[in-house]
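The chain that follows stands alone, in the form predicted alone, written as structure tokens.
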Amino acid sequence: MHVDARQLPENTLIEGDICIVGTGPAGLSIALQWDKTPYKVILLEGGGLDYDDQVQDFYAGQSTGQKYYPLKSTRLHYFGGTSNHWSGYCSPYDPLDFEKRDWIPHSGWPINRSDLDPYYARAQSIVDLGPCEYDVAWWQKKDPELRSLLPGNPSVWNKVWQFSPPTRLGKKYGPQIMASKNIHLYTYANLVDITANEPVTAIRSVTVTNLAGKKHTVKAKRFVLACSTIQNARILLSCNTQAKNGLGNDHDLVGRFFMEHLQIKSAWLFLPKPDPLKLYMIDPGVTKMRCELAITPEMQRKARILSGTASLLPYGIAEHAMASIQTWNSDDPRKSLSNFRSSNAASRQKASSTSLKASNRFMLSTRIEQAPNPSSRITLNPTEKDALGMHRSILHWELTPFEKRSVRTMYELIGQEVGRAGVARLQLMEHLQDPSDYSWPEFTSGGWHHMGTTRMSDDPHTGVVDANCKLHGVDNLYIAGASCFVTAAAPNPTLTIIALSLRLSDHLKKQLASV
């Protein structure tokens, strides 16, 4: 069922068993698990069913530190959330990503990769992926032309990605949500306040409003905040009437440890003769899987580096390619996306057909995790509010020498191994050649992958939510999405967001069944 909250009478009371705030990959994947159950689900979306620039403006904010994209255009504020313009890259995190790594401060999840394995398998179908197979050998049996550059290497391995079409979750699952008898979708219902009991140990209700000036109250037994990494932190920090420093922020952790994936062109790979390197190539809209080069867990431990991968792009395309930080430069996400796609299409059009079929020179581009850093964070702007009276966000994105050293070391290892095997030689780009240079070039980009502002930990002194994504100290408020991530790993986060959300949904069903 769908209701436009602008059309409701002022101060309408909306009641249900579970209230999910947000309809992006996290919120929708949870809501879908409750269809045709005996529970009444309230699903709140701050925007409408389509793009609305006035609503999108609620995401505008300020950035400091490392240069970043305009905040207004990095997330979409309507039904389906940012799945409305994601690219479909999917790969699970590796077992090492969840472990406490003594060379990475603040690392270590309270759950293991095995805890998410069954949910990764379930997540595949939600975004229309193939079988849950991420072993390159499985794919190579299906297609012998998928030849490895360094087969069986102890230092460098092939990390598999699968590609969603990409699935637009709002478009695909909207009809099911609208037809559901127990899921009640309210659009134009922006959460602006959370009311707890007197000791602030349980949530009684949330307040939603919109630009039509209508305010409504939502009551439920369980609440799930699934509003994206920046917005989850912004909302908790804004709810400071009953909790002076913000809800769940007794230890000054809400908003801290903001993480992104650094995406940066890094090296050139020269082959003895032209080769299509089919295993590593991507044809947008066609490719179902590809690999990127990654450093093995054993070598990561030995070299004491972060987790990252290297993607390969033929020189014919790479010589004309622009970094995403140079093209995604408009506050309007539609214009930024158009600029980004036009730039990529132009690069391919300028490449010769010969270079696209096979090349002897490839550009290596990095996607690497950012080390958890408490100084990289989201705060509230004390002087600027949006049209609903909410303080706008300030993102301070702060990188460290650790990331730069990890990128350089990763390519030194790849270079050593391709040279030792006699399959290629590698040349570092200028910005990586000086080991004492920890500055970042102007084309350093992010992956639009926001993570970490309500990190997970069994200890409230080191995290905002527990292993089941429940806010520490509050019995019935849960957080969903990448804001719960402890470390960023190398893969794009959407598949892990959905897997973690499915795990949370199962936990909530057990909780409500026991009431």
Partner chain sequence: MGAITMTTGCGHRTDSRTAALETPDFLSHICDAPTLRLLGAAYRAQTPSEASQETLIRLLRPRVTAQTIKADYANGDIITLKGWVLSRTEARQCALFSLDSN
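Positions refer to the first chain, counted from 1. Quick caveat, the model's predicted, so the values are computed rather than measured.
As for the form predicted in complex with the partner chain, it is not shown, yet the points below apply to it.
Q: Quick one: from 363, 426, 129, 177, grab the residue that has a heavy atom within 4.5 Å of the partner chain in the predicted complex.
A: Result of the distance check: 426.
Q: Using a 4.5 Å heavy atom cut-off, which residue among 242, 87, 416, 355 comes into contact with the partner chain in the predicted complex?
A: Selected option: 416.
Q: Can residue 141 be called a contact residue for the partner chain in the predicted complex at 4.5 Å between heavy atoms?
A: Residue-level check for residue 141: no, no contact with the partner chain.
Q: Considering non-hydrogen atoms and a 4.5 Å limit, does the partner chain approach residue 443 in the predicted complex?
A: It does not: once the partner chain is placed as it appears in the predicted complex, residue 443 has no heavy atom within 4.5 Å of it.
Q: Any chance residue 412 has a heavy atom within 4.5 Å of the partner chain in the predicted complex?
A: Yes.
Q: Indicate whether residue 271 is a 4.5 Å heavy atom neighbour of the partner chain in the predicted complex.
A: Output for residue 271 is yes: heavy atoms within 4.5 Å of the partner chain.
Q: Among 114 to 122, 417 to 425, 231 to 239, 375 to 383, which stretch has residues with heavy atoms no more than 4.5 Å from the partner chain in the predicted complex?
A: Result of the contact check: 417 to 425.
Q: Suppose contact means any heavy atom within 4.5 Å; which members of 431 to 465 contact the partner chain in the predicted complex?
A: Just 433.
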